[in-house]
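In structure tokens, one chain follows: the form predicted alone.
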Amino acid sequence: MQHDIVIVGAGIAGMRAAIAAAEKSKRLSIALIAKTYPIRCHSVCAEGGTAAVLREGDSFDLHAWDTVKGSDFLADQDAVEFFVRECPVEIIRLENWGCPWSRNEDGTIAQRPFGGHSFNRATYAKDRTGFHEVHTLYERMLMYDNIEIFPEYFITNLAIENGAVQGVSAIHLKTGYMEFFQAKAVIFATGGAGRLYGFTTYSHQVTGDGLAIAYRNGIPLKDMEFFQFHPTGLIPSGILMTEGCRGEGGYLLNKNGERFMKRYAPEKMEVAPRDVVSRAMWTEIIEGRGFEGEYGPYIALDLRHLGEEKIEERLPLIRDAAIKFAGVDPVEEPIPVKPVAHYTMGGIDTNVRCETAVKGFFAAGECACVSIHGANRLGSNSTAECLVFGRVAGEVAAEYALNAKQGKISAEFRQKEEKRIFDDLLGKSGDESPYQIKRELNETMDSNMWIFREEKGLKEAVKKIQELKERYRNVEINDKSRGFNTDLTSAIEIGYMLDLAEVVAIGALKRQESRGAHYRLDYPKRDDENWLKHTIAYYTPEGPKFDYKPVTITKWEPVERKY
């Protein structure tokens, strides 16, 4: 198949990119390829809000400062300054397209407090923000005749020749056959890699496919050691209990009934940044002040004092999920929570124009690292990032495609890719189960790559991941059929995850400091002299090769981070 632009991923970033490209020129043919149908993307799981400066008293500099400070000064400040100025534009645009933002009594768009923000700037639609943004974008996207949607296509590779992208290969899940999309420009908007962990808020499809494919094709990954742990994952499922719970006034309590955040962030309390709150909760658990439950120790998220009316108005999904998945009604009793893997701060190395090291190849959203999040993302900056940089990627890719030659995928690439998937993986015999390998990978990440890290555990993680990579060579896929072969796609995903886990673990072992979400017990201080720099990982057959590049500082020199 032949298109001008191919976008992989149909979440907020992917759909926003498609709309932006379609608006740039009606002559452009745009293909939107996704593992799932667009309205079943992981973006619908975003709950709490989308950050933007909309009110008197707030300012772009204040939003930028909060973001830079929240990032523990690893964010590139030129990117942050651009980002905060574009956020309000996207909020108003979605408003005009029909997004049902929650309202204040005077009819203005409502905003709630969020962790690390010094102003109430999380714009929300109850606690279903991502759901409503996705549906708004999807309905808008259907207006453009030059966008063609290919749902249930599973991406397997990028075709790159002479330093320029030529297109992508994908398995059509319905038929099980490989199809090839030739393109002048390709945008990856494939999301993060949260399923590296066992206890996680991520949907099962978020396995880092785009990150791994880019990495294997020589495109560097940036800052992959920085994984965010959200403070409040529902026990035992890991379902997100939005930061909006605390933004609306919810408390975190230990078994003594104490609001313990006063010890860790006396000014911000429960609305301190996520890395600070997660470390505080984990410390309470380690020191024996957590509640004991059927699934191990936990912390109580108490919303009872908010009252049923406010909970139903602002947090109806949270109440529903707590009742269905934990048997707890937050109107009557606290919700059992503990920190949970939630966000990939690192990603495909891009500039502010979403460009990568390969001509015609762009990345946006969680799979990309611009970097505006640095070592720790502030809540409500992610959906904003998807909107802002989704638009940028779509516009820049459109400009490129209007002046580029049509991509051409060679017969050699097609034959090689079909052999790699169907002969070398699906067709071979072995004695290893991909699911057992994934289970052991999740256990390794949950135990050695969690909130507190140290050299011994990181070395064990690296050794274990390399052992699993070796065992992966000998996996056997039991289901040999073609149509909707989830055994095959799961096995491919697990291969992607092993490559990414190795980058995360070795990057974390090399970074001998504590910064943001990366906390080393053996190096508990931030070290700006040696480590105020981005980690850049390149693929080699023997494992990742690491380099570093400086952080861009425009206005704000690093200072001690206090809340």
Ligand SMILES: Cc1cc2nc3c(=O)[nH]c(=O)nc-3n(C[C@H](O)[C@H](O)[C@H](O)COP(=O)(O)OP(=O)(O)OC[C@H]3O[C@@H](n4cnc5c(N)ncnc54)[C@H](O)[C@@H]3O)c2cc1C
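Please read all numbers here as calculations on a predicted model, not as lab measurements. From 1 onward, residues are counted along the sequence shown.
Below: the form predicted together with the ligand, not depicted.
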| query | finding |
| --- | --- |
| Contact label in the predicted complex: W282 to the ligand, heavy atom within 4.5 Å | no |
| Residue contact check: F361 to the ligand in the predicted complex, 4.5 Å heavy atom | no |
| The ligand contact in the predicted complex: H63, any heavy atom under 4.5 Å | no |
| Contact of R121 with the ligand in the predicted complex (heavy atom, 4.5 Å) | no |
| The ligand: the contacting residue among C41, L500, V68, A31 in the predicted complex [heavy atom, 4.5 Å] | C41 |
| A508, A46, A517, A52 - the one with a heavy atom within 4.5 Å of the ligand in the predicted complex | A46 |
| Stretch in contact in the predicted complex with the ligand, which is absent here, among 372-380, 459-467, 402-410, 315-323 (heavy atoms within 4.5 Å) | 372-380 |
| Partner contacts in the predicted complex for 1-40 (non-hydrogen atom within 4.5 angstroms of the ligand) | V8, G9, A10, G11, I12, A13, G14, I33, A34, K35, T36 |
